[in-house]
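Below you will find one chain, with nothing else, as structure tokens; this is the form predicted alone, and questions on how it binds or moves follow later.
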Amino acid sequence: MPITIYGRHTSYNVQKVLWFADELDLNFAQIEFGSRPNDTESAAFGKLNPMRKVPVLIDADKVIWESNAILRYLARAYGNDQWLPHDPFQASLIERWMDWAQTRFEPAFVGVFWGHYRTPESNRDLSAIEQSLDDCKFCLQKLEDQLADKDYLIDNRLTLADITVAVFLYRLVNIDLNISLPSRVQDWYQRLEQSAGFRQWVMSDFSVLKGRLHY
């Protein structure tokens, strides 16, 4: 029985789960969900995720929600030490970047993407967008520093650290703000483009979201 992933393909939190499922070469089905008004408010979906958010992953009789929790589950159930090592300290090297992506980089990205791209021009808060841009540039410099002596964030292999952080890059460089990546981050981004899962799920058309404040 294939794994089922509920979520709209334009959600970056859904994209990182789909990308990782591809990296693991899993047999899975994606159910496009969360883009129609109130579809996550149904009683049936509420039983899957009381938070009524996507993504949700179903594996036989197991239901997992929250994107990073799904990634950890898949790594432990179907992956190997490349993705999330059994050794607690080695795992922490990856998980700190997963947490950083969610608590530091994502808010900066959201301030730019929602503030500029998804908000109609007449409603934009330019000073807030500028602050978020500065925050994004700060985050990109931290990534530049981390990549000083390695091809990927942890060493010379793709891990969950890369997947959770890199899911924001394609949109940052493809909205009309002329955001440039630092040189090592640019090289890393080009290596990520070699991944079929990254190309299919992350490098996908998001133009339907332009000027759209609802999902």
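What you see is a predicted model; the values in this text were computed from it and never measured. All residue numbers refer to positions in the sequence shown, first residue = 1.
Just so it is clear, the following notes concern the form predicted together with a small molecule, a form of the same protein that is not shown.
- For the three marked residues, Ser11, Gly34 and Gln102, a heavy atom of each sits within 4.5 Å of the small molecule in the predicted bound form.
- For the chain shown alone, Thr164 is not a contact residue for the small molecule in the predicted bound form, no non-hydrogen atom being within 4.5 angstroms.
- In the predicted bound form, at least one heavy atom of Val54 sits within 4.5 Å of a heavy atom of the small molecule.
- Among heavy atoms of Thr40, some come within 4.5 Å of the small molecule in the predicted bound form.
- The shortest heavy atom separation between Asp59 and the small molecule in the predicted bound form exceeds 4.5 Å.
- With the small molecule omitted here, the record of contacts in the predicted bound form names 65 to 73 of 186 to 194, 144 to 152, 65 to 73, 24 to 32, defined by a heavy atom within 4.5 Å.
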